[in-house]
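The chain below stands alone and is given as structure tokens, in the form predicted alone.
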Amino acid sequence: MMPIEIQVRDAGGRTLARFRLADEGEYQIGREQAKVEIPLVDGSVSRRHAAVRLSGGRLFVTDSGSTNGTRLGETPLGKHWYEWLAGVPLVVGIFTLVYEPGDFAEEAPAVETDDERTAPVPRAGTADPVPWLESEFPGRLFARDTVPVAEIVASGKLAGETDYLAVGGGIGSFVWVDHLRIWGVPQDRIRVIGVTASCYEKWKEYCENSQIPGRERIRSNSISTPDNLWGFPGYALRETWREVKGGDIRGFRHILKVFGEPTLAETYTPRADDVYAALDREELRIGWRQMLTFGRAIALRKTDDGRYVLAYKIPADQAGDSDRDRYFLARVVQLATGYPTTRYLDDLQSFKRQNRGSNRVVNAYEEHEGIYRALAERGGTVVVRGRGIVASRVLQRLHETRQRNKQIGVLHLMRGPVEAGAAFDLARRAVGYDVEMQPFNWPKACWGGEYRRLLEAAAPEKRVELLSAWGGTTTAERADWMAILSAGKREGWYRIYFGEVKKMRLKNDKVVTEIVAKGPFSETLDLVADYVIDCTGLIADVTSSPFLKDLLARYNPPRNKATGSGPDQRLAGIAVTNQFEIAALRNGPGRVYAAGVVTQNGPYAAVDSFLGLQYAALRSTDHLAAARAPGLRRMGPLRSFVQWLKWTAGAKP
């Protein structure tokens, strides 16, 4: 990844300082010089004013609750993350920050400044990059496959040693740690390295941006409960109990749904707020916060004593005056680093580059609340790209916005019509409005039934064949969504188009999407709209993560095969055994396991679902218990029942 240089300018356009961002992660902007990476010393700047995040070669920025606010171009920033495109000015107090990608000079030119207010920014003739922003940590120590423990200790950066180290800190890490705790491992033998206090913080951000606020229901079934490995009581029973206990006997409808789905009733799915609350409770029960260390994983290496060493960087506000670069030693490591980033399609990237500062084209997983506010005030036309659950949510939100302003039109762009759903053996998916209907993103037999067994037993080439047959973009069949689309067609505010996007351009303050329409003549068609919302989803390219990219480059572990094509493509994860161990990283008694999209296209289909994360945790924990790993005890029926009773009582494992 090329470094990015941020220039700080005054009101007259003079460059006061340059800051080089060489590492992925967050950088704080503020006037508190000792605790931020980009100090701007002036009364117009708050102590912690804003933050910049470098991820996947892209910059994002958010306001940190500053007194005078932060502005990106003409857009005042709120608490959400906004993409900061090259060339767009970021206004912080009296300062203007800009950057251009990939043009950082090895020898930076002199900085011209005589302004005392910007101290300690570099001055004329002293334009060396700020040293703590271009740290080479871990440097030469990690330039080999195996690192001597003696050298790690001698570095003075060793923060601690543990038996079990979870890298990621999200829900994938949480369920693994939950299993370890229930299997008998005490808190002081587990450590988690992550960047958020709660395991679901990043997932919640994705949900909210893709129009699933806390009151709405997520696409997961009742027994996929990451807070409860037994799956009983599931979310439906809990919701029923809460409502009936409150005097509402209609609460029984949730249970009836579970027994009648999907033929007699719509599939039950839990509310997002209920999932958050349940995870909060289990975090407290197992002592999650006591095991968590804030930090960004940089690299992992084997050690010469059969363990592993993780190099990581802690946040500036956690470090105080101490060194931010740390090492942690562990015997067993689990990697659950999640989706590295959202990634634009090529034509969206091209539009963003050519129209810097424009917020008229967004990915659905980005914060884009301003589009709905603007539509509610002024009306307009929106192109929704893609099909699937996120597109369904965005269409629902546009329909809700349209209740406030009828001058909203929706052009739904898909690559081609769907005449028949995917088939496997005797099963075939239903189709409605050119979308394949399925309650969850994989057939339910993938979770714990026949398809799971088939996939586990299959060779890599056969797995690709099976995953291609079972996968694809689907959405749940919900009566309210069908009613919205039916009304939209009847009333004329919703139209479907089929075609491949050739390019997008901005003309007369409108977004023109040029498509090559599907059909016998392949004619070209322009869709003119005020906004484009891309719903083609997240792409799990593990090489977008600098941490995983380094791991792949150093040890070259086998990769799974990719499936699909275009926006539906599922990229290859790292090959794991059926116990989710990365066998290529074994180091004597040391083991490395993985979960989530890191293992995509491996022995389990729904790796990024709640139940997929739990399944990976169960298989790896059982594997460790069978190997008599430290602190783990075998889990029989009686012991499992006792642990379940503790869970119901909220007692510690």
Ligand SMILES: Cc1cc2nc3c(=O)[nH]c(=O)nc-3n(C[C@H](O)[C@H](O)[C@H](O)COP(=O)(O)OP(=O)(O)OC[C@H]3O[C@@H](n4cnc5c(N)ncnc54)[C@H](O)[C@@H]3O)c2cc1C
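From a predicted model like this one, the values you see are computed outputs, not experimental measurements. By rigid core we mean the largest C-alpha set that fits within 1.5 Å across both forms. Note that residue numbering follows the sequence shown and begins at 1.
One more form of this protein should be noted, the form predicted together with the named molecule, which is absent from this view; the next part is about it.
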The stretch from 239-247, 301-309, 317-325, 187-195 that lies within 4.5 Å of the named molecule in the predicted bound form, judged by heavy atoms, is 187-195
Quick one: does Tyr82 come within 4.5 Å of the named molecule in the predicted bound form, counting heavy atoms only?
no
> Just to confirm, Gly234 within 4.5 Å of the named molecule in the predicted bound form by heavy atoms?
Replying inline: no
Decide whether Gly602 counts as a contact residue for the named molecule in the predicted bound form under a heavy atom distance cut-off of 4.5 Å.
no
- prompt: Is there a heavy atom of Ile408 lying 4.5 Å or less from a heavy atom of the named molecule in the predicted bound form?
  reply: no
None of Ile574, Leu375, Leu90, Leu538 but one has a heavy atom within 4.5 Å of the named molecule in the predicted bound form; the exception is Leu538
The listed residue (Ser392, Thr381, Ser210, Thr267) that reaches within 4.5 Å of the named molecule in the predicted bound form by any heavy atom is Ser210
After superposition on the rigid core, does the Cα atom of Arg591 shift by at least 2 Å between this form and the one not shown?
no
After a rigid core superposition, would you say the CA of Arg619 moves by 2 angstroms or more between this form and the one not shown, or not? no
One pair moves by 3 angstroms or more in the predicted bound form: the C-alpha atoms of Glu500 and Arg58, which are farther
Per the comparison in the predicted bound form, the Ser545 and Glu83 C-alpha atoms (change 3 Å or more) are positioned closer
